[in-house]
Structures are given as C-alpha cells and as structure tokens.
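One chain comes next, on its own, written out as structure tokens in the form predicted alone.
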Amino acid sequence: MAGRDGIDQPWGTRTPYGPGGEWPVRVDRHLADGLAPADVDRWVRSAAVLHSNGDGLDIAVKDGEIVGVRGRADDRVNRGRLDPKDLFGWQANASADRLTTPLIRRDGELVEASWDEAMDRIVEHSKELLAEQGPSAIGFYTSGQLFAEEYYTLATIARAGLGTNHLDGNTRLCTATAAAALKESFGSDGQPASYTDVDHADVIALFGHNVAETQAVLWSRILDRLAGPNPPEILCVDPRDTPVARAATLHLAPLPGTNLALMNGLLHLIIADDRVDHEYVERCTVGYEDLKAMVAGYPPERVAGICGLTEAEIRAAARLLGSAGRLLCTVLQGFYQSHQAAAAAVQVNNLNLVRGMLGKPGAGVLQMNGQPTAQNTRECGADGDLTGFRNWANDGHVAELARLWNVEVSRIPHYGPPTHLMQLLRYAENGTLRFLWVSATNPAVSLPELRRIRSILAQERLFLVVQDAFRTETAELADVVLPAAIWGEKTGTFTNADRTVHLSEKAVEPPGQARPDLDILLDYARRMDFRDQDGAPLPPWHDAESAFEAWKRASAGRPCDYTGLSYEKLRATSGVQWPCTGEHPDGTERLYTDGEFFAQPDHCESYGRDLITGAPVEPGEYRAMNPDGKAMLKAAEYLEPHESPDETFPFALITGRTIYHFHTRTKTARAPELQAAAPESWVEVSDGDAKRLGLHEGDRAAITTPRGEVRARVRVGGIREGVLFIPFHYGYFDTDDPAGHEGGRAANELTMTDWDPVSKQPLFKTAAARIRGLDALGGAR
C-alpha cells in the first residue's frame, strides 16, 4: 500500500488482466501531510461519496479528526482503488466555513439561532399551510447524496405524515432517465448487469458515458482489461474527444440532440444483417415486430445526415455491436440530459435484448447513476417513485404501503402522477407551493435557466428551508438554514449503480451543532406530532439501524429486496448486491439470468409511457400488451430538438463534468489539491472553430444563449466542430456575489427550461449558443 498522485495520474498504474480473470488488487491511500499509517488511531468503514461508483474505503481517524482514506482490498467494487475525489475530498469535512449553527432570516439577514427557534419556525409554517391550503402547499427537494435510512424517513414523512405529493430528488437531473428506461424495458428499476461484467466482455459500448471522469475507478478496471491479453473492443459515443474516446476502437461524435436517430440506425443495421438472437427475442420479449418496422425507416444514409456522421462510421459501429459475443453497454448523461433522453436510453436496452445479451457474464446493460446514493433515492421513494419500486397506478401497491405505515390508504396521495421537480418549481412560481425544504443539494447552481430559478427561490411568499453542511448559493436565499452532518459524521447505508450496498459508519463528531439528516427529519416528525392509526409516533424508528430495519420490511418481496442484509453483515462483507434475501443470502450479481423480468402486470413498478408524448399507459392496455411480464421492445421516431443552432446562435452548447469536481463544488472546492487542479470554469472549442473565430488557448470568451451570458477561459480542441462544452460545477459561493444575483459564471445561466417527456429529466445538452472572444490580442493570459 502506498500513497499516489491522484491529480496527475487520476487512474493510477495499470494492473493488467485477461478475460474471465480476477481484477488484481491495488490499494490506494492518502493521508494528511506528515502522517504514516502507524500514526492513525483507527480506521472506520465507509464508501466513496463524491461520485456514483460506490468504492469501499476506510476513513483514517486521529485525535478525533479525519486525516485520510484508504481503499479496501476485499471490496467487490474497487479492489482497493480510489478516485481522485476520494483521495482528497475528505478535507472538506474540516473546512473552517462549515455551518455549525442554525440560521434564520431576520430583517432580511440570516442570523444565528437555536435549534428550537429554527425548528419552531419550520413547524409553525407547516401547520399554518396545512390548515390554510392543505398538504399540497408543502414540497421537498432532496439529494442523491444522503443515506437510504434518511430517504426512507423523508418519504414516510412526506407521503404518510403530511400527505403531500410534492417530493423529488436532484436525481431528476442525473438519473431519472436511467430509472425511466429500465422501467420501460424491464417493468422495474434495477440494473441488469454488474461491474464484474467488465471482466468478461469482449465489446464494451459507452453511450454518452465519459466513465473516465465520472467513475474513475471503473475506468481503471477497463484500462486494466485493455492492458491485458485479449482486450475488449471499445465503442465510444460522445461529441467530445474524452479519454474514453482516445482509448476506443471506434469513436462516434454525433451532433447533440441526435442520439435517438443514431440508435435507430444501429438497430436498423443489426436487424438487417440478422444479428438478432431470435430464440431469446421470441422467448423473453414483446414488441419486436413494431421495433423492426420503426427502425426500417432509419437506413445509414438518413442517419448519417441527421447525426453528422459518415455512413461508414455507422456501419462500423453496427458491425462491432453485432459481432460481439459478450456485449456490455453503459449509458449516462450524454444520453440522459439530451433531447428524447428516455427514448434513446431505451434503444440501448433494445440493442441488448435483440442480441440476447443479458443475464450472463460479460453481457448486460448498466444505465448508470450520477451520484453515490441516487439508487437509494429512487428505491426508497424520495423522488417521483413509490417506495420499494411500487407502482403508483396499482391500488394494491398503495394499499400495501398504507398497511406497512399503518395509515389510511387515503393518507397517501395517489390521485395522480407524483410531482416532478420541474412541475414543483412551476407550482412555486405561480404561488400554489408555499413551502420548499431543500436538503443536500444546491438548485441555485445546478438547475437550468438560473435567473428564473433564483427568482422563484427568492420569492417572499415561498418559505425556503435549506439543510446543508455549507452556506451554498441556495442557502443564501433561504428563510431557515439547518446545519447538517455529512459523510464520516453519521451512519447509514448506500447503494451504487450496480446495486452494491455498503455501510458507512460514523468516524468523527459533526462540527458545532450540526446534526445528521436523519435526526433532523425525525425531530420534525416528532414536533409535528405525526401519528399512525393506532396513535403511535410516525415514523416509529429512532436511529439509523432501526430505520434500516424498517426499510428492509418495506423492500420485502420487491425487486430491491434488502431482507437478507443487516448492519452486522455489511460490517463483515465489503459490499453486497441486492436483491439479498434468505434464498440469496450473498446477494445477486446479475438480474434476469433466467429470462424472467419484474414486468408482470401485478408486480411491475410502472405500466410505462408513450416514448414521444410521455402519456402514461393504462393498466388494461399494459395487461393486453404484456400479459406474461416479458421484457418490452419499445420504439420511437426521432424528432428535432426544440432549440437548434441558427444564424444568431450557431453553436450547440453542452454541459458536463470534470474528474476533479463533484456537483456544485461544495466539497471538492474545499479540497486544496482538487481546487488547484481545476480552479476555474472553461469553454471547450474545436480547433477549426477557434481558428475561424480567432480564439486561442487561455483567451477570455463570452458565451451567450437566449437565457443569458457567462464568461470563461477558452480551451482549444477536444470537441467536434459546431459544439461548445462548459463544466456545470462552478457557481458563486467563492465570489463577491455568493448568491449569484449578477450571474455571469455558472453554466446553467445558459441552459433552458425543457425536459424529457418520459423521465422529466431537464435537458442540459441541446441549447443553441454563440461565442465571442474578449481578448483583442489573444493568447494565454
């Protein structure tokens, strides 16, 4: 074990291995300057929290403070490796500007208050609004970074305590399309594949998934396969020249907003060349003839024109996918945040289904997540989903949940679809939503069209509660700010993108009066005096472990069954994949190995939606279409984006991530090594566009869309012509305008209010923009 340079060598040294082999161990570590492992008082079990990969790690503690981290050699996800953000991000816990006491707004200013003062204000407003307008006046917007126990508690309070339908998570921004695509194809959320499929695949296709920067450890696993014997071939679909693209066998760089057309074209060739597993399709799926008829209209010559690719490129990609013996496909934000997001992601599922590539080593789909606990937000029901992957449109599922919570069925709002974030904001904008509680997320930087978002959040008629560890841009607009404990300061479980559950234990005390999110939520429930039908407190649990046991009962019999897990088991085993039951006590590596799906009409999580309009499929229609609960092949026609480049705004603007920052930098900007690696925002411009416009590396430039303007330094190269890229991480908390009233820096000043009709995920990759240089002389300055 040795410390390593996680900045200049973000993926570390290679440990090659061949197909079917076991990924070699390489344990990474980083300790505070001057400390050696022998100086550490104790190591505390946890997992990575600054990305979605779910790497098991231990927290080093000395004199009651976090002083470093190390990977765990026996962890099934990372085999000891750590992401650069893991190596350095822990330093944020000890930042001098942590929130340590509640704040309340008095005479226009946020001032320190006691917990009783802050909670009394929240409870007083809650009760007034319940009396005046009912529960629909109150809404919650949470995160993909809390623990399962906290999400389940929040869902119980919102649905059974208050009875509001207004609860969503910031997973709406990153993985709502993953959940939607899985439900559309398989009847329920839940990743079919496992990270271990990298060890077996002979073709790995990454669709809009810059795994090198979003999941650095998983990319290390792929790099080690590429360095070993009989390496897999790689297909990369991304308009940028990313590290994945540079390592790929074939790189397709389609125009933003054309992913669905590309996928239809690839399926056209797969079917035309008869690369179809007809036995699997007949036995396990419905909808093949409709899919075949739809994609027949997407020959490569048409698709090439739509996507800005050559016919040869499209045919080469189809040959690669069609000839694979073990095909692993992954999908992320390049598809999820684009035009027709769910429809395009579903076509990736279709690709694996028609090729019979599910449920066996090296073959499967990973509709990836963007945050460490996004999976928990969805499965616990702290977003638009119903707890335990239950079906909002199935009265039996709602009644089952009512029995579990011991409340009347009518207490759980199920009169219509749950409110997604973008609709929730509209309700706040028009004044019907009067109370919004934001936990562990920062919408004043992360949501599209920020000028509008700030105007909504700053309204006097909206009572805004922010629960966070730092005074974020959103906290600057709040009426009450609650100081929260973060990773390393509380105990709970979280689940990564391949269904692996880890236990993260409390290592140190939170600073000042900061409290775990679970404690804050339970305090609110007790002060509101929520009760079940027998008069018992609701929720009845009192700490993290009792909340986990309650969540296990809620998951019993559902696809995400946790009943075989316990804190004791998770302390002994470094990562277990759900479903974990008495029948499968060691967890489940792959779903659908027997060709059976969670799609039976009485069991499925959703009856699905029309991929073009988003209109829900009626229960009777679903039963007629899929009575046996098979996987569903769904097709959709390509439509042009609502906003395309024109003479005034000739570029397509996309936003995304860098490996050195996470979300809105609330933690990573407070880690010196990470902040130094990426201290300011930039705009990426192709070589050709830069020459044409007289732009040079390091120049200052103004980027404008119909929503606003931001300024950033130019980086030349690494992207297809006609496309601009800006990272979305950079806000205003570290400027002289911490609320961002003046704008001018955050990428989301430029993005638009529009969303996918099926997943309701906002679009961050189809805006039209222009760019102009601000430095007359050019050159790096």
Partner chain sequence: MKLGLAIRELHRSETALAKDLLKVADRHAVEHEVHHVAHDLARWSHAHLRDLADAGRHYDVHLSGDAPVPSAPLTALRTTASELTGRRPEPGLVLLADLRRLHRKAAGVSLDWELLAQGAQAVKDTDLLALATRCHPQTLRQLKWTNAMLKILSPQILAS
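Small disclaimer: the values here were computed from a predicted structure and weren't measured. Numbering follows the first chain given and starts at 1.
Below, we refer to the form predicted in complex with its partner chain, which is not included among the displayed structures.
Considering its partner chain in the predicted bound form, the lone stretch of 80-88, 706-714, 321-329, 432-440 in range is 432-440 [heavy atom distance within 4.5 Å]. The single contact residue among 639, 316, 409, 625, judged by any heavy atom lying within 4.5 Å of its partner chain in the predicted bound form, is 639. Checked against its partner chain in the predicted bound form, the candidates 417, 557, 672, 537 yield a single residue with a heavy atom inside 4.5 Å, and that residue is 417. In the predicted bound form, its partner chain sits beyond 4.5 Å of every heavy atom of residue 228. In the predicted bound form, its partner chain sits within 4.5 Å of a heavy atom belonging to residue 461. In the predicted bound form, its partner chain lies farther than 4.5 Å from every heavy atom of residue 61. By the criterion of a heavy atom within 4.5 Å, residue 12 is excluded from the residues contacting its partner chain in the predicted bound form. In the predicted bound form, the residues of 592-620 lying within 4.5 Å of its partner chain by at least one heavy atom are, in order, 610, 612, 613, 615, 616, 618.
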